[in-house]
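Only one chain is given next, in structure tokens, and it is the form predicted alone.
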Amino acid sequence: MEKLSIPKGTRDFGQIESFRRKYIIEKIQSNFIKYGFAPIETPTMEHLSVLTGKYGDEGEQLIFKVLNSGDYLKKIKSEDYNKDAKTLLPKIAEKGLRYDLTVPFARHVVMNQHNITFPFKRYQIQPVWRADRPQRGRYREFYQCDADIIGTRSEWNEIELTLLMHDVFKSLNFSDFEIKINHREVLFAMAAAAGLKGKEIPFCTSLDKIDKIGIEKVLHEINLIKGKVEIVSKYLEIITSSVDQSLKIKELVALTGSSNKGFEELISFFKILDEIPDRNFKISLDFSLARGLSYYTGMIYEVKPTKVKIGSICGGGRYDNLTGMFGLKGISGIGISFGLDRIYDVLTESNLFPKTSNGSPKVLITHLDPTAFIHGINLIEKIRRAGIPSDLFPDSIKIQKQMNYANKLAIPYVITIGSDEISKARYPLKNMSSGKTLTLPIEEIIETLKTNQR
């Protein structure tokens, strides 16, 4: 018999994992709602014509293709087998699993433009799929939690998403992070000065790898695409130096030979941030940040933990032309995406999940005989109506086995019912951690459970 397994890069989530993931989602979602974002959902699959041409060459290869239903080989002729995959693919697969949530969102906006009031603020929390090589922090199936603002070019959008990122991580009690920002227009100016006009995406892709492959290999890749290595070498000197951010901007302006919209928007961004009081902003300017997705056109973000070794846990940026790819031009958008799975890994390693996030009920009702079980039905109804997660042990077995069940699930409180408890209408509430027992009427037990933490 074949050993049971699941595909690489996917995972099962048990009780505790699922509850903790739900905890993260609820924190992120509550902040989305606080900032005025409305929810939407899009299908798991999109037409490949929607997905292709949006993510660059590397991203394109990571899209999971879905075979056509039924006899998917019916359009294939014998001579097709001797052709390359790009020729064969459209005949056997017309759909693909969504690679991210932004492109489907742009498609949704175009299809529903007459029913949407702009500017439109939407959030979306759904899984995406990428045929990537699985490793720590990188999965083939993972959740993204996106917030986008579309239909306005206001600089306030960049500020608001910056505030949102800080609030999300604050609500998760996570402070060991840094938001790195850059601007695609700055990168395009750098590419042009390095003789790579028209090759901006390969330039950005290479520059984005500096932390992974180092300066020498980045310069080697620039040489392969016929860039001016000496110019890019000067870029890298500036990027990796510890000088003030404003000085870095001045040096790059001098090196690229002009001041463009990107430099101006970065300067304006920091000026507006300075006007916001009582905020401990964790932001740095990183001119090596490029973001791999080809649809970004303006400011870009990436959030990385400072103490846990893992990739980015949030990222995004401004895109001016994405809906234009589907026929709706002149609609600018900006968005960020929180990576649920990486945030989960970071919070686990940082020991930041609250003790309440184990998914078990707060109280278990145990019983000594069938009469006590029937009485327990009435009690648990009262407890649940009060909004307290609770359970009634379903089987008539020894009380010790019922208590062992509570211990194994780390249920913090247990109520035990017997004939004496029924006659007095007072019940022992045992704190399973301290061992302390209070005997109280059910109304006082409910108030105690509401007040006390686990």
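From 1 onward, residues are counted along the sequence shown. If you superpose the two forms and keep the largest set of C-alpha atoms that fall within 1.5 Å, you have the rigid core. Fair warning: this is a prediction, and the values are worked out from it, not measured in the lab.
Missing here is the form predicted in complex with a further copy of the same chain; even so, the following discussion is about that form.
Comment: 100 to 108 is the region of 191 to 199, 250 to 258, 235 to 243, 100 to 108 lying near a further copy of the same chain in the model of the complex, near meaning a non-hydrogen atom within 4.5 Å. The partner is absent here; in the model of the complex, the one residue of E79, D211, D274, D84 having a heavy atom within 4.5 Å of a further copy of the same chain is D84. Think of it this way: in the model of the complex, a further copy of the same chain has a heavy atom of just one of Y123, F177, F263, F269 within 4.5 Å, and the residue is Y123. Taking the partner from the other structure, a further copy of the same chain in the model of the complex has a heavy atom within 4.5 Å of a heavy atom of H47. Using a 4.5 angstroms threshold between heavy atoms, T42 counts as touching a further copy of the same chain in the model of the complex. Contact annotation: G298 falls outside 4.5 Å of a further copy of the same chain in the model of the complex, judged by heavy atom distances. Contact annotation for E230: none of its heavy atoms lies within 4.5 Å of a further copy of the same chain in the model of the complex. Taken together, R133, K226 and N321 are entirely out of contact with a further copy of the same chain in the model of the complex: none brings a heavy atom within 4.5 Å.
Heavy atoms closer than or equal to 4.5 Å to a further copy of the same chain in the model of the complex belong, across 394 to 409, to the residues P394, D395, Y405, K408, L409, ordered by sequence position.
I63 is among the residues whose C-alpha shifts by 2 Å or more between this form and the one not shown once the rigid core is aligned. Put the two forms on the same core and the Cα of K77 is off by 2 Å or more between this form and the one not shown. Positional change of K398 between this form and the one not shown stays under 2 Å at the C-alpha, relative to the superposed core.
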